[in-house]
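Taking the form predicted on its own, here's one chain by itself in structure tokens.
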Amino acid sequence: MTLRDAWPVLAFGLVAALLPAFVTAGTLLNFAIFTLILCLAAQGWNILGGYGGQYSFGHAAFFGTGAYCAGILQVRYGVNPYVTFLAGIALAAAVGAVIGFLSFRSGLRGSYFALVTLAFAEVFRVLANAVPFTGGAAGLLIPLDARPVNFQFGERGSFYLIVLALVVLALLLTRALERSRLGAQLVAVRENEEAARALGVDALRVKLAAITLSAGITGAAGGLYAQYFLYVDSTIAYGTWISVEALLAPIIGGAGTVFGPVVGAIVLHSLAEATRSLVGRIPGIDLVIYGIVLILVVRFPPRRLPALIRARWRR
């Protein structure tokens, strides 16, 4: 990857880093931080689903693993939060490797793979809700100690910059993947796995690398969520909401592109907040909106919109 490849990502990071200097309202910074966390989870899904064509319906399994690892190690054993954050990424990547090995080794793909990932996420949710070690239904409350050494900050702007830095790192990693041999092999597997095998591509190895990297990035998003909100339970960590949002954001913004998850996460979260402001906090209203958006995206894919607009204009 050259500087020419990286400069759009670096420019985005520099512009976004100016936000705390102009925005001091806590509500807007909360919105920005949560959107960036969603961007990170969506970028993780994008590597596996967008570039690899392996659609997952259960990325909550990786998000929740990163969140619970950060919470349990801090609350139960008093481990430093920075260490727990890195441990959550490693554990989520390991979970992704195990799920990927069991699924891809068995030849699962398409809807079968999607259902298997959904099943794993649901099993993790039930276990986290039932086992006392995870706090059960009450969840885990991380003690408040707003000092940088505890990965907690008195100002939201500091945490925003850390999350932004990780998002930029994930974008650079995705750009490097695009330009790498592994990225080319991953796209080849997505387009035609049998043809890729005939050309000598080890499809199992490529897909395992993709799901491991995808799970690690999504686990980082879960760790950041737990560290920012200082609370995690089974519904939050392994809930359907994160699997849906991590899947929808890249599809809306453009799956298989570097900035697609960023655009999709901003649109998706903005739409959800606007809906809540207009109709109130009706339970499940955001999922209804997501369903409508998904139908529209399937009917009018983002990559087809420019051509459709030009055709209408010419007519």
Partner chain sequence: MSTMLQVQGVSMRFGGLLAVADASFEVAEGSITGLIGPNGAGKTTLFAIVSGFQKPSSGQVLWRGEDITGRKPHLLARQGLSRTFQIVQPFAGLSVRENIAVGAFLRHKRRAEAIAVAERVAEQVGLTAELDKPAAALTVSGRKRVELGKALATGPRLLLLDEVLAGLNPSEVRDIVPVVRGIRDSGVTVLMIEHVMQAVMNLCDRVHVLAQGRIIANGTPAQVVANPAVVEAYLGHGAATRLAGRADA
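Just so it is clear, the structure is predicted and the values come from calculations on it, not from any experiment. Residue numbers count along the first chain shown, from 1.
As for the form predicted in complex with the partner chain, it is not shown, yet the points below apply to it.
Contact annotation for the candidate site: Thr257, Leu296 and Arg299 all lie away from the partner chain in the model of the complex (no heavy atom within 4.5 Å). For the candidate set Leu169, Ala188, Leu208, Leu118, a heavy atom within 4.5 Å of the partner chain in the model of the complex is found for exactly one residue, namely Ala188. Among the residues Val79, Leu102, Ala130, Ala184, the one placing a heavy atom within 4.5 Å of the partner chain in the model of the complex is Ala184.
The partner chain is not shown here, and in the model of the complex it never comes within 4.5 Å of any heavy atom of Ile72. Not displayed here, the partner chain is kept clear of Leu141 by more than 4.5 Å at the level of heavy atoms in the model of the complex. Using a 4.5 Å cutoff between non-hydrogen atoms, Asp202 counts as a contact of the partner chain in the model of the complex. Contact between Asn192 and the partner chain in the model of the complex is found at the 4.5 Å heavy atom cutoff. Between 194-202, 82-90, 208-216, 236-244, the stretch whose residues reach within 4.5 angstroms of the partner chain in the model of the complex through a non-hydrogen atom is 194-202.
Counting a residue when any of its non-hydrogen atoms is within 4.5 Å of the partner chain in the model of the complex, there are no hits in 133-148.
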